[in-house]
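As a starting point, one isolated chain is supplied in structure tokens, in the form predicted alone.
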Amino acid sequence: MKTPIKVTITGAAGHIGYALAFRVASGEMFGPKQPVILRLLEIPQALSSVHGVGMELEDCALPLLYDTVLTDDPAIGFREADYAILIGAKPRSKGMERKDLITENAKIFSAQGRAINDHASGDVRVLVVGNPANTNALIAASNAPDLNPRQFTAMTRLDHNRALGQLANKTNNLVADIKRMTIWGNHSMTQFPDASNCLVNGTPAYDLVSRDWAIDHFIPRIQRRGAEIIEARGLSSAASAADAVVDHVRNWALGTPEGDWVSMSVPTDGSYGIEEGIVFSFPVTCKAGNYEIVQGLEIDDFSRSRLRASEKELREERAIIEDLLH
């Protein structure tokens, strides 16, 4: 049997964590022959709930689930973790300013960054899901001095998948027929869903849909999709978010399909003129646990303005928590 992969999920009793744990344990993330050890980390107040999740996992009799650890201790939760999925975060409450939300979550993710640094595997791969995800990933990475910042990413795969779904519906095709979707920037209203490089069954997307449709309908719908779901069901996205986590980590670990790329928020390195110091979504290809930003894509004036707007927002977020960065 292969050596089990240790996967830590924070906020594991929440809606996303609950939807995710069973999919990881069933082999969807790492394949049908790879056993896993789940470490489900929660706050003390949610320990009873997470024990219920553990009981359900046991009742599923999942062949690939080697062990489940349920804890509120980060030292145990992150011990020797190969992958850490950071979902748990403080939600925005009524009347809370954006600055206050960022500051409150900064405390959580700086502590988690230190715990990952001290207890996880030296090769750990970290995906931040809890919002504001991009800046939380920056904070966590900056508090893990023994790790490479490239080991920390934030999730824009949900936005990427939403964009694929909308384009598939508009063109009357399957999602599987669409390649080279890109989400640029922040996981926020400033994100830029970009179909300009997309191929639909080998045909450029803008030969099938108009740029006016993209600007007036496609882009704003992806930006607002989370709010649309909250309005419809009274709760934020959970199953689709868990699905995006599976997709993000699976591609990071096992690779992206030939001729395609995915969207991941990663530390900036100067690509496309986005200066270092923030975590920004780019098109990337992955292979054997590593990623590379796709280079050489043409950026027109409209697209450049969208990238700059998202970069500006991320730099403003960074300024709020500058004192927590090392």
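This one's a predicted model, so the numbers in the text were calculated from it and none came from an experiment. The numbering used is simple: start at 1 and walk along the sequence shown.
Omitted here: the form predicted in complex with a small molecule. The next part is about that form.
Enquirer: May I ask you to choose, among Arg98, Arg221, Arg114, Lys170, the residue with a heavy atom within 4.5 Å of the small molecule in the predicted bound form?
Expert: It is Arg98 that has a heavy atom within 4.5 Å of the partner.
Enquirer: Looking at Thr203, Ser142, Thr103, Ser236, which has any heavy atom no more than 4.5 Å from the small molecule in the predicted bound form?
Expert: Checked against the cut-off, the match is Ser236.
Enquirer: Out of 193-201, 209-217, 175-183, 226-234, where are the residues with a heavy atom within 4.5 Å of the small molecule in the predicted bound form?
Expert: In the other structure, the partner sits against 226-234.
Enquirer: Within 4.5 Å of the small molecule in the predicted bound form, do Val7, Gln34 and Arg79 each have at least one heavy atom?
Expert: Result no, not one residue of the spot touches the small molecule.
Enquirer: State yes or no: in the predicted bound form, is some non-hydrogen atom of Val126 no more than 4.5 angstroms from a non-hydrogen atom of the small molecule?
Expert: Val126: no, not in contact with the small molecule in the predicted bound form.
Enquirer: Is Arg162 near the small molecule? Define near as a heavy atom within 4.5 Å, in the predicted bound form.
Expert: Yes - in the predicted bound form, heavy atoms of Arg162 and the small molecule come within 4.5 Å of each other.
Enquirer: With the cut-off set at 4.5 Å between non-hydrogen atoms, does Leu158 touch the small molecule in the predicted bound form?
Expert: Answer yes; at least one heavy atom of Leu158 falls within 4.5 Å of the small molecule in the predicted bound form.
Enquirer: With a 4.5 Å heavy atom cut-off, would you call His248 a contact of the small molecule in the predicted bound form?
Expert: Outside the cut-off, so no.
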